[in-house]
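Just the one chain here, laid out as structure tokens, in the form predicted on its own.
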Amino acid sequence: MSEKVVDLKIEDLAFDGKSVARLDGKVVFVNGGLPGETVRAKIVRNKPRFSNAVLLEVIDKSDLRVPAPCPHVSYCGGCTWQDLDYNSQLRFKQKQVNDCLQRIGKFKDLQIDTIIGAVELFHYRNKMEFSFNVTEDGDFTVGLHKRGRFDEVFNLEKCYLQPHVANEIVAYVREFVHRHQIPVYDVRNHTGFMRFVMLRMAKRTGQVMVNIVTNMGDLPYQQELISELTEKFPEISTIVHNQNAQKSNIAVGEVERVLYGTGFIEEKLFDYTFRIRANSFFQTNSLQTETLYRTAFDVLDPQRSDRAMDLYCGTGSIGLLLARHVSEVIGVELVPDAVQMARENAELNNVTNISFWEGDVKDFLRTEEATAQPFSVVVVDPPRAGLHPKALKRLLEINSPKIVYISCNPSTFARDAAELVTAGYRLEQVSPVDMFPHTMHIELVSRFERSPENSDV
């Protein structure tokens, strides 16, 4: 059946954004199409339990399909759901949360809150990374990856997830590199120089950071680039240069130099100001982050007497906002740059009842600082992989009466939730929040409480 062209009826949407159909009783995942549509697709891979297919054309369109403004929507790896009605996006995301908790976590009768929609549907991202890559004809592209391809990058015309000025900056950097014939990195052969242009854009303050990520070495025509960018785009408050010799195609530098400005931008959440550097983690949708945190604090219901632990704290945004409601907060973060920013942010906002521990969460949870005194509240916001097994084991040993778990991955959350419940916690609330319209991604805020018979805090 490999490479066979078939007509399929799309039945559902999968967790990774692909559509779901069936052929001779076997599940087929298609990189396009919406529920209710009949599509023509080419089977490109067969597995024992499923097949993968590439969409060729939509034969009968769904009533859920809407016009997508982006010219790249048919092949971009970003907004896979931009042509799906937004209310339907929310409905499918809610369904995916339910499915993960039932199928992976084995939760049968759990009541899940109605998903909270986004404040903005377009131009909401405060961070975007654009890749350079060479083309077969000796030219180059700079933009986003084609859907499912690490080695194919299309030239960006316009991205509707970022502010308009970001599109103009990307186009200008492309023209500058072309004008000066600066060598572009080849992701297959690992040769060349220019690797990424990464932009961070503060929604509340309007500040823009341009981060040029290259192979090792000085940036050619550096002063000319700085002069031209800052003159043409007065929104740019800082320019940094990150150098990375690793073969892994990530926009993080081993060496960073500040070329212009302070090396950070400032963003506001509620009435607090947060400094963000090039490689710091910060939620990429500023306005909806306020919705996420407001939901988290409603779920948590913090008390002035609470002593709180903020695990995977990043630049400290959750812990700093929480500190005003509790007696003490300890934030834990592995990335040194993020810890430095967290401490600066505490000083910047005059928060004195918070401290930060630099290191791995699983290591911190076995220190005397973590175990000597009880924590009545633990906030956990791990990466997509969820809690490391050792971190989860040691978190259970801490035996906090209340855990608020913020997750960007319902499947790993469901796995960890099942472990927490098995260990004696009750899953009291799950509140989905849509942080990323037109993508398949979804955030969750949840609350676990120790059953009284299992608590000795």
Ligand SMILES: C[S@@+](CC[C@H](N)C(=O)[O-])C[C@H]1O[C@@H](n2cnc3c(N)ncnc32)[C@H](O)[C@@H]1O
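What you see is a predicted model; the values in this text were computed from it and never measured. Start at 1 and count along the sequence shown; that's the residue number.
The same protein also exists as the form predicted together with the named molecule; that form is not shown, yet it is the one meant from here on.
Between the options G192, G117, P163, P382, the residue in contact with the named molecule in the model of the complex by a heavy atom within 4.5 angstroms is P382. The single contact residue among V361, V153, A323, V177, judged by any heavy atom lying within 4.5 Å of the named molecule in the model of the complex, is V361. Each of G314, I318 and V335 is positioned with at least one heavy atom within 4.5 Å of the named molecule in the model of the complex. The named molecule is not shown here, but in the model of the complex it comes within 4.5 Å of a heavy atom of F281.
Interface residue remark: Y293 is counted as part of the site for the named molecule in the model of the complex, having a heavy atom within 4.5 Å. You can rule out all but one of 194-202, 306-314, 117-125, 153-161: in the model of the complex, only 306-314 has residues with a heavy atom within 4.5 Å of the named molecule. Residues in 210-228 all lack a heavy atom within 4.5 Å of the named molecule in the model of the complex.
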